[in-house]
Ligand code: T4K
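The data below hold one chain only, encoded as structure tokens and taken in the form predicted alone.
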Amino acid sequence: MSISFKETLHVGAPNIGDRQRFHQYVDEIFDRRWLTNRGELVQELEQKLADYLGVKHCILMCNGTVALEIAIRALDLAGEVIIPSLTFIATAHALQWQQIKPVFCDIDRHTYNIDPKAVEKLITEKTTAIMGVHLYSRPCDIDALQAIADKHGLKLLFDAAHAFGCSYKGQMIGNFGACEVFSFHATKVFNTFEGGAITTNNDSLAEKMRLMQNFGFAGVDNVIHVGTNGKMTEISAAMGLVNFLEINKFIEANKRNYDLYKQAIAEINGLKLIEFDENQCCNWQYIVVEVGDEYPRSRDALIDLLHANNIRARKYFWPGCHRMEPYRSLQPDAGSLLSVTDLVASRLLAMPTGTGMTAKSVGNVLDLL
């Protein structure tokens, strides 16, 4: 089959807010000649996001990966940290970069999130923390993970890169564990070009992370802690402020697209669309389809068909971190404990969505499916 759509549809095509307002912000930045180092726009965006999430502290960062690295170091993690393998590679790299071993845990077959029952079996005397990942906008079983962390005296933090604007039991993601880390990369529902943030309700931890993101400076010429450069620029904050004004519009577009996909995929034997708890806040960003044995094509054959027709679907997240370097060399036997991860990673397909999609373009994708 070949339909050859003229437009190319991408997973993660950026949402872009009011361009005129963005240009106004840029003029203000130039007039102030304050381009970085915690300028007015960064401070304004931090406060708006903290209020939106209902959290005490929001520390904006240059990107989500550096935010993860700073959170890990601020929590004094060492030894081994348990994470899922079905995640973006940055989750593992942020640990390995600091000579901490990521211990890969299997996932729950239905939620695709880290399986708390499997977590407990991986705890050793070297384990210092559990890092959950709220995958595809769906929160982890936070209560179960917190209970395990408390029982074993471990720290708990979350990679919340997929979960901005989502909630767990009525409370916004950003409030759980010792801290949570967001990505505001261009592909996310809320973006600042590149960017990220750490949120926490712990005052001392927030103070420590603020020092660490700015070389450890506490005032002029006064370095009191080891640190790095993790600051967000004013131009990124301007993009964030513009996009924050339209976050509800972005989410509504995702929900519209999701409903269109859901209605059609329900009629296709062998395809299963990810489901969300409609009683919770959700950003509806991830249109993730599991390709079953009943479907006439394999997942890989289906993605080849989509790509041939300018639909850039993605195999999120294949083949799993444990099958990428350096982990497949450092931990060659990790896959023996990750049977669900391996199965799911071979079947999942992420479809295009976002404000760049129209009902017609969604329909084109569904015609091919």
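All figures in this text were calculated on a predicted structure; none of them were measured in a lab. Residue indices: 1-based, along the sequence shown.
Form predicted together with the ligand: not shown, discussed below.
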{"item": "Touches the ligand in the predicted bound form: residue 64 (any heavy atom, 4.5 Å)", "value": "yes"}
{"item": "Partner contact for residue 159 in the predicted bound form: the ligand, 4.5 angstroms, heavy atom", "value": "yes"}
{"item": "Interface membership of residue 356, the ligand in the predicted bound form, 4.5 Å heavy atom rule", "value": "no"}
{"item": "Residue 168: touches the ligand in the predicted bound form, heavy atom cutoff 4.5 angstroms", "value": "no"}
{"item": "Contact assignment for the ligand in the predicted bound form, among 87, 257, 137, 236, heavy atom within 4.5 Å", "value": "87"}
{"item": "Contact residue in the predicted bound form, chosen from 133, 72, 287, 179 - any heavy atom within 4.5 Å of the ligand", "value": "133"}
{"item": "Full three-residue contact with the ligand in the predicted bound form, heavy atom 4.5 Å, for 12, 186 and 317", "value": "yes"}
{"item": "Proximity to the ligand in the predicted bound form (heavy atom, within 4.5 Å), stretch among 95-103, 263-271, 217-225, 187-195", "value": "187-195"}
{"item": "Residues within 4.5 Å of the ligand in the predicted bound form, restricted to 226-247 and counted by heavy atom", "value": "none"}
